[in-house]
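One chain is shown next in structure tokens, namely the form predicted on its own.
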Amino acid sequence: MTTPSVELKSVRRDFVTPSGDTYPAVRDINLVIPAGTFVSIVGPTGCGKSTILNVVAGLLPPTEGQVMSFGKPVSGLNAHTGYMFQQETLLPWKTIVDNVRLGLTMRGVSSKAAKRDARSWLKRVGLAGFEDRYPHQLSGGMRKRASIAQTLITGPEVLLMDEPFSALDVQTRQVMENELLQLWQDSNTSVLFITHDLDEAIALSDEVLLLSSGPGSSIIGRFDVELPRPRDLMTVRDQPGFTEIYTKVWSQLRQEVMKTYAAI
């Protein structure tokens, strides 16, 4: 068997509150992401979805349990990952091409080579001709394209995405989802995707994981998405199989959402 790109074994992550108490964010998290697969995590607000992403990235060490990436324990930052945050990380004082090449430059790649690769990636995401613009001169969707290029240019084997399209309008969001799928299908990258949008999770993924309400959230549902690939996200929601999987996930997710609001 191929070594999983990510494996979490009985992971728990606690936080210390300002009062000195211990808050259990997630517990008993066991998950395996085979290389080249697209996995989404859904769950109610505050259930620890981003915490799991940060543990995989090596930004947060687990309180208990083990994090593995390609068969080796993660200690410190996970060098196999690229992270696309909900908020844009484009530097406003740099042009788009300089933003995109920044990761390569920090790795010691020459300025000429880094800029050449950045221009190539900007062309791949449909931003040829906009290389010398600044972030404020681009639309929200264009900035997201630049952010994807900025993340993928370093060649991560695992792409971590924390609600990257949540701020976009519906039409732009579907376009960006399609572009993400095209880029992913052309690579062997694994994706761990966080979203509040169940439609988005099902449309993109090979598997959807459901987290329980917090505190101490755990995985309570695993749903294979057996919709054919390649997918056109403009039409995939019309397929009968989409409705079936949506109903299965929502029947459990709804209960967890209600538990969360009842506790407020």
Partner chain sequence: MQQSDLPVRRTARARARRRRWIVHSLQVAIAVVILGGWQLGSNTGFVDSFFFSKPSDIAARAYDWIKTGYILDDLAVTLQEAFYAFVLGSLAGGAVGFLLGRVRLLAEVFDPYIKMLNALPRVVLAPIFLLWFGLGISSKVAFGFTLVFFIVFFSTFQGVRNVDRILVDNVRMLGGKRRHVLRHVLIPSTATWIFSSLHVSVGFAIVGAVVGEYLGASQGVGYRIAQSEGTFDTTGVFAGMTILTLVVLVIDLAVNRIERRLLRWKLDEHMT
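So that the term is clear: the rigid core is the largest set of C-alpha atoms that superpose within 1.5 Å between two forms. Residue numbers count along the first chain shown, from 1. What you see is a predicted model, and the numbers here were worked out from it, not measured in a lab.
Below, we refer to the form predicted together with the partner chain, which is not included among the displayed structures.
- Taking 91, 113, 167, 128 one by one, only a single residue has any non-hydrogen atom within 4.5 Å of the partner chain in the model of the complex, and it is 91.
- Annotated contacts: 140, 181 and 242 are all free of the partner chain in the model of the complex [non-hydrogen atom within 4.5 angstroms].
- Shown alone, this chain has one stretch from 117-125, 104-112, 168-176, 189-197 that lies within 4.5 Å of the partner chain in the model of the complex by heavy atoms: 104-112.
- The closest heavy atom approach of residue 133 to the partner chain in the model of the complex falls within 4.5 Å.
- Although the partner is absent from this view, residue 225 stays clear of the partner chain in the model of the complex, with no non-hydrogen atom inside 4.5 angstroms.
- At a distance threshold of 4.5 angstroms between non-hydrogen atoms, residue 59 is in contact with the partner chain in the model of the complex.
- Interface residue remark: residue 75 is not counted as part of the site for the partner chain in the model of the complex, having no heavy atom within 4.5 Å.
- No residues of 197-226 lie near the partner chain in the model of the complex, the criterion being any heavy atom within 4.5 Å.
- Annotation for residue 76: C-alpha shift under 2 angstroms between the shown form and the other one, rigid core superposed.
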